[in-house]
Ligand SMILES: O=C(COP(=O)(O)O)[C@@H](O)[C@H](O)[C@H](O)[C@H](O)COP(=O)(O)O
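Form predicted alone, single chain, as structure tokens, below.
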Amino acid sequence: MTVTARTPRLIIVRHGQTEWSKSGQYTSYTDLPLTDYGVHQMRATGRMLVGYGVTNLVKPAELKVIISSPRKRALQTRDLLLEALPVSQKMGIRMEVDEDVREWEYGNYEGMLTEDIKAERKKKGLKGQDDWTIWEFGCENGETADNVTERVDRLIAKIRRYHKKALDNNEFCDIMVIGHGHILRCLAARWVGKSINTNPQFMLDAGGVGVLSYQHHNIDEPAIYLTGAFLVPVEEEGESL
């Protein structure tokens, strides 16, 4: 009897805690490492996320590709997630670094807090003095929702090529994307065709994991897998975008 492979999944992982994710500062191109807590956090997440235990979400043999942001905090997270796996299991996983997974570029707002951004816009007489959001107004000398949509859609098209091939061949195919708070929320929104020029009202804490997939085993029916997300319990409080 032929076994039908599980519908392909996209596992999205936000990097572990950094000093700026803890404080709530906007971080795009600034290449911060994980905090000591972030390292501990992602090691623990890796043990829960990938492996052959009955509680692991992802089996190594089914994890075909990991696509990471080029930033240090994302690459560190990737390595920590796989740290406990034997080399023989890691060898079957394709590793890619893709600029399209980099964080929404914050321009002048790099390192700032939301309240500081609003105060700066008020000083300059810009729109969004009191109700600024990145979704609607973007960032001075940074990216707009249209800019981000273009590269996220390109990333999704690449992922769907992998998934379609797996569906056509009845193969298991999990793909993992390791990135940042805003870009992964944009990815989830665009996955289901939602515009990102308004707040998609999704949340993903530092170190958080989510799952995207398809309804009815059909590449043309992308969906958010509500039962497939988790966050390893934390012992340290901190602000998060």
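The model shown is predicted, which means the values in this text are computed figures rather than measured ones. We number the residues from 1 along the sequence you see.
This protein has a second form, the form predicted in complex with this ligand, left out of what is shown; the following refers to that one.
Trainee: Spell out, yes or no, whether the shortest heavy atom distance between residue 181 and this ligand in the model of the complex is within 4.5 Å.
Mentor: Yes, residue 181 sits close enough to this ligand in the model of the complex that at least one of its heavy atoms falls within 4.5 Å.
Trainee: Consider residue 27 of the chain shown here, and say whether it contacts this ligand in the model of the complex, taking contact as heavy atoms within 4.5 Å.
Mentor: Contact with this ligand, yes.
Trainee: Taking 4.5 angstroms as the cut-off for heavy atoms, does residue 149 touch this ligand in the model of the complex?
Mentor: Because no heavy atom of residue 149 falls inside 4.5 Å of this ligand in the model of the complex, the answer is no.
Trainee: My question is simply whether residue 143 lines the interface with this ligand in the model of the complex - judged by any non-hydrogen atom within 4.5 Å.
Mentor: Output for residue 143 is no: heavy atoms all beyond 4.5 Å of this ligand.
Trainee: Want to guess which of 106 to 114, 120 to 128, 88 to 96, 161 to 169 is within 4.5 Å of this ligand in the model of the complex, heavy atoms only?
Mentor: Selected stretch: 106 to 114.
Trainee: Across 55 to 81, which residues bring a heavy atom to within 4.5 Å of this ligand in the model of the complex?
Mentor: Going through 55 to 81 in order - heavy atoms within 4.5 Å of this ligand in the model of the complex - there is one hit, 73.
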